[in-house]
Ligand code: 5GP
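Just one chain follows, in the form predicted on its own, and it is written as structure tokens.
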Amino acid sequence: MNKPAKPASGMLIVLSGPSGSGKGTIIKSLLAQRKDTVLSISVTTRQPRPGEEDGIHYFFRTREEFEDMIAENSLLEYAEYNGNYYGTPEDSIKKWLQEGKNVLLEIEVQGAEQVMNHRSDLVSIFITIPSMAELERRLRDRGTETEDKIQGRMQVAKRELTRAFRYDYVVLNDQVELAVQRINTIIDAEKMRYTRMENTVLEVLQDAQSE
């Protein structure tokens, strides 16, 4: 009799891209489609945007509280971006991965590179925009940014685009539905890498030897 297969460990998926690249919209659609994937909630010192809630979109903390978390080594990664800290709590990620869930990290490029430098068991995806003009239009359409902030984000975006080569995949967000479809294809293909299917192959061989 075949033994029930053990649940495979989940994948750690890093997703980055310039502010205004549409990461939030993509993630919302992706999570609605994939019950095997959860979003890690980041910690930040920036102020909430309209409609954002503490503990749902981010954990909003003071600079002092964030620096206490750094001192306690309770973050998988952290970075300072546009004058604010952003970081990823580690405990919940370990739990989800062990349960077989894919864990999606929406993090800035600086923080993503920290994770890439210390972990090889991840899939990294960079969301790019069709053009800088389109990025500027999206930032202005938000209606929440000052002119200085918009220009600052444009300069940061240019720097981030030069780091896209560090990622496993680059996904163009020209249309949200297409971008989500591309990411779904990446996740499904990554699940079939030998390193993730090795135990399945070994179990088949073990069963064959016991017959």
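Since this is a predicted model, take the numbers as computed values, not measurements. For every residue, the number given is its place in the sequence shown, counted from 1.
A second form of this protein, the form predicted in complex with the named molecule, is not displayed here; the remarks below concern that form.
**OP:** Answer for R182 alone: is it within 4.5 Å of the named molecule in the model of the complex, judged on heavy atom distances?
**Re:** Although the named molecule is absent here, R182 would stay clear of it in the model of the complex, with no heavy atoms inside 4.5 Å.
Subject >> is_contact(L122, the named molecule) in the model of the complex, heavy atom dist at most 4.5 Å >> reply: Heavy-atom contact with the named molecule at 4.5 Å: absent for L122.
Subject >> Heavy atom of S42 within 4.5 Å of the named molecule in the model of the complex >> reply: Residue-level check for S42: yes, a contact with the named molecule.
**OP:** Would you please decide whether Y58 lies within 4.5 angstroms of the named molecule in the model of the complex, comparing each non-hydrogen atom pair?
**Re:** Residue-level check for Y58: yes, a contact with the named molecule.
Subject >> Answer option from I107, L104, I127, L135, heavy atom within 4.5 Å of the named molecule in the model of the complex >> reply: Checking each option against the named molecule in the model of the complex, the one that comes within 4.5 Å is I107.
Subject >> Partner-contacting position among R166, K28, R34, R49 - heavy atom within 4.5 Å of the named molecule in the model of the complex >> reply: Flagged contact: R49.
Original post:
So which residues in 80-119, when you check the named molecule in the model of the complex, have a heavy atom no farther than 4.5 Å from it?
Top reply: Sequence-ordered list: Y81, Y86, G87, T88, E106, I107, E108, G111.
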